[in-house]
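Below, in structure tokens: the form predicted on its own, a single chain.
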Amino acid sequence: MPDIRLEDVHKRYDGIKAADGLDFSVRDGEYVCLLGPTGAGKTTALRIMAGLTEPDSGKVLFDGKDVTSVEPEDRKAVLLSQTYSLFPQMTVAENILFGPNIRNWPEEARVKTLANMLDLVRLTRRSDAYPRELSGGMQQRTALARALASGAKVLLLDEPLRALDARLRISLRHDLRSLAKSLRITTIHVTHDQDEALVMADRIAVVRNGRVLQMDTPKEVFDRPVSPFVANFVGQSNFFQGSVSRVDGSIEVRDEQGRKVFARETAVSPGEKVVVGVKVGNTEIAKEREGYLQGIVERILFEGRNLFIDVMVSGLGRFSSRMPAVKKGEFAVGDKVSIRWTPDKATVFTLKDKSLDDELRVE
């Protein structure tokens, strides 16, 4: 299976930058998720890799070979859209064999391919069914089998689970990744769902405004984001703005009202203006313990296994905390609470010329 690389790829549509220096690599057999908000340029990246869209500049390389101008059918890369695009007048078997049939494969090869694909996607008993007779998950698996039956070496998935209900979507996350791994097929999966990316990817590329902001393992992207945007998009975060007042093992940051918080050590200088970001799951609240900040419980949301508590801090705004649902009943709206976190769970960011609001904005 090929390694894939995009080198400084640019693409504009009527002045809008869909790709603004896209530059990243996908290793042989790797499952990579392109994660970002709507309009970030994720689908454009897929279409450029598939050969369906030509970049204005830059290169696409498969195994080191420049394929930027190579026709789609010669790349052995197949793009599977979120709509599946199954032929309604064809059965499952006929949809799967569409590629081999138009390429006039030998009968023996077609029979073997069909049997393998039906077994792979667990649809052997539904081979004579039409798309309208299938569930959303079965349609998705049929489209996947049709794509794989063409002999593709690269699988490009554009929001493949978006149209499914929540329960089926969670189930198919594991099936889709397992299938790609069993075939050792290089897979690039576009999504705006952070949970989907965290569960499925070997590595995540966070995309914004046509650029990759960070590309790393799910754990690194979640625990060590490179910017406030990444910190908030991949797991909601709380933020505190101030100036560095002490650097000694951990960093102390004070705001203009003298409130101070602590974060893990990083390369910043005393007096430098920074933003401290901490995940809501690492933000602790208590009623009878000293903390960095004090506030009033504004809202409590019960979401199954988790409890989300929003605390309003005067002059700073809302801070949120996620905790196990077993703590339900320990807090009530109107309670005065303190907020704190372990310093090594908090990240310090410099903003340069941007405001925090601009940095966090999802276009």
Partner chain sequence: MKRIDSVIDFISGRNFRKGWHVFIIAFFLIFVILPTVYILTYAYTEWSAIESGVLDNKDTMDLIMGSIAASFEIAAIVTVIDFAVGLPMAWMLVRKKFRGKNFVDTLIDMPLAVPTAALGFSSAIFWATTPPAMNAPPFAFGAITSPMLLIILLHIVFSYPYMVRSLSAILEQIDETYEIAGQTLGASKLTAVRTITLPLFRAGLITGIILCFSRSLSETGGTMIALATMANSAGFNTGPTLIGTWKKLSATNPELVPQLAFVSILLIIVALVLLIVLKVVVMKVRLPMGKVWPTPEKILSRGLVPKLKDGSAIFFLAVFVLIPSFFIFTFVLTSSPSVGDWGPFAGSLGYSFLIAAVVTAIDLGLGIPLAMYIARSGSRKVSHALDVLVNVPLIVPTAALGFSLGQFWTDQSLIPSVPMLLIIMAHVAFTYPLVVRNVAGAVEEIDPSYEETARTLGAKPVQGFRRVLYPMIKSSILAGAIMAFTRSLGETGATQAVVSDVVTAPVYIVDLVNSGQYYLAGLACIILIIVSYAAMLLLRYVTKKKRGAI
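Since we're looking at a predicted model, the values are computed, not measured. Residue numbers count along the first chain shown, from 1.
Another form exists, predicted together with the partner chain; not displayed. Remarks below refer to it.
Stretch 147-155 is the answer when you ask which of 227-235, 259-267, 147-155, 289-297 has residues with heavy atoms within 4.5 Å of the partner chain in the model of the complex.
When you look in the model of the complex, the only residue of W105, F239, F98, F222 with a non-hydrogen atom within 4.5 Å of the partner chain is F98. Taking V313, L61, A50, M323 one by one, only a single residue has any non-hydrogen atom within 4.5 Å of the partner chain in the model of the complex, and it is A50. Contact check for G271: every heavy atom lies farther than 4.5 Å from the partner chain in the model of the complex. When the partner chain is considered in the model of the complex, G249 lies well away from it, no heavy atom lying within 4.5 Å. Put simply, A77 is close to the partner chain in the model of the complex: some heavy atom of it is within 4.5 Å. Contact check for M90: a heavy atom falls within 4.5 Å of the partner chain in the model of the complex. Residues are counted as partner-facing when one of their heavy atoms sits within 4.5 Å of the partner chain in the model of the complex; in 53-77 these are E54, S69, V70, E71, P72, E73, D74, A77, in sequence order.
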